[in-house]
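One chain follows as structure tokens, the form predicted alone.
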């Protein structure tokens, strides 16, 4: 009998343009897992908020997969708490949609805390088990962020705690996330399955640096640092800019050679959205350190374009303050690009320090500057890390993720233990 999965990704459409506001690794994860399950004959409906006016109500997502846009609140980007205010409407319309089709499901797979809230209602109504993945945890963010700038609400934390108690299983992207769930949320390890993320080797693979640069119109002689991600405090981009300023202070001879490309943000050539306050703040930081000629904000890019940026770069900087897994690091590594990342969360398990990249303490712009200088100026080290990065990335595939997710579903539906 065909198995059916209701996948909830309220704020993150798996087909959204990446790098914009609230579009990143989670969108990729939902898309790739849904496609992989669909290719195995499992029917997957991904329910997400209707955000873009040009999106159709239903969109195909590979064989046996669909994205179903649910109208709740006004169209367009909304902050997470504004999306939360419309969750009851989202849930009601989702139920109406499912009843209109006469459809039923075997399991609910919810992503992020907003979806966890919806899952509680559906769990009671449909009487089927819930698999929950958080992607980031509110209490972990509280530990690393300035509460006054970007504090996580008690509402989020309460919803996460309830999800930990009531879900049939929790998916953690790393052993470090498992430890965080145990320490901060008192999660039962027997209900947590540790399943690392994957990377698509068809999209992300080594390309000659010279060819990638030619396609992007970049100077063959410049030293390129790449940052990929949402433009927000937790991604550590302000730390990266301070590190770059320190690098130039220590090595003024490199100022004419180095360029930092920032991929992400709410802007791209066809986007009339205003730049976020965070990007404007970063531009002020760039101006303060006289780095206008060294830093370029290139906006959002699709995956094929993104692979070229990885291949063109001498190093990819991932200076996150916290990271449940670190998909950007894995994508860069699959392209054979060394990564300088922070010793936080899943990055510690993806990057092998000294073999496939370098790890530095989070928030330490001095250590970040030193590590980037090493990679940029030592060609033997750069080649060593590039080779190690490619080898390491081969261990992470979406096929392997799919195998583990299917096994998890089987365990839940058969009443077997799911975790350690």
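Treat the numbers as computed from the prediction; the structure is a model and nothing was measured. Positions refer to the first chain, counted from 1.
Keep in mind the form predicted together with a small molecule is missing from the figure; the text below concerns it.
Heavy atoms within 4.5 Å of the small molecule in the predicted bound form are found in one stretch of 256-264, 287-295, 87-95, 242-250, which is 256-264. Proximity to the small molecule in the predicted bound form, defined as a heavy atom within 4.5 Å, singles out one entry of 119, 328, 171, 335, which is 328. The contact with the small molecule in the predicted bound form, taken as any heavy atom within 4.5 Å, belongs to 228 out of 225, 228, 339, 133. The small molecule in the predicted bound form comes within 4.5 Å of a heavy atom belonging to residue 24. The small molecule in the predicted bound form is approached by residue 306, whose closest heavy atom lies within 4.5 angstroms of it. The small molecule in the predicted bound form is not approached by residue 278, whose heavy atoms all lie more than 4.5 angstroms from it. When the small molecule is considered in the predicted bound form, residue 28 lines it closely, a heavy atom lying within 4.5 Å.
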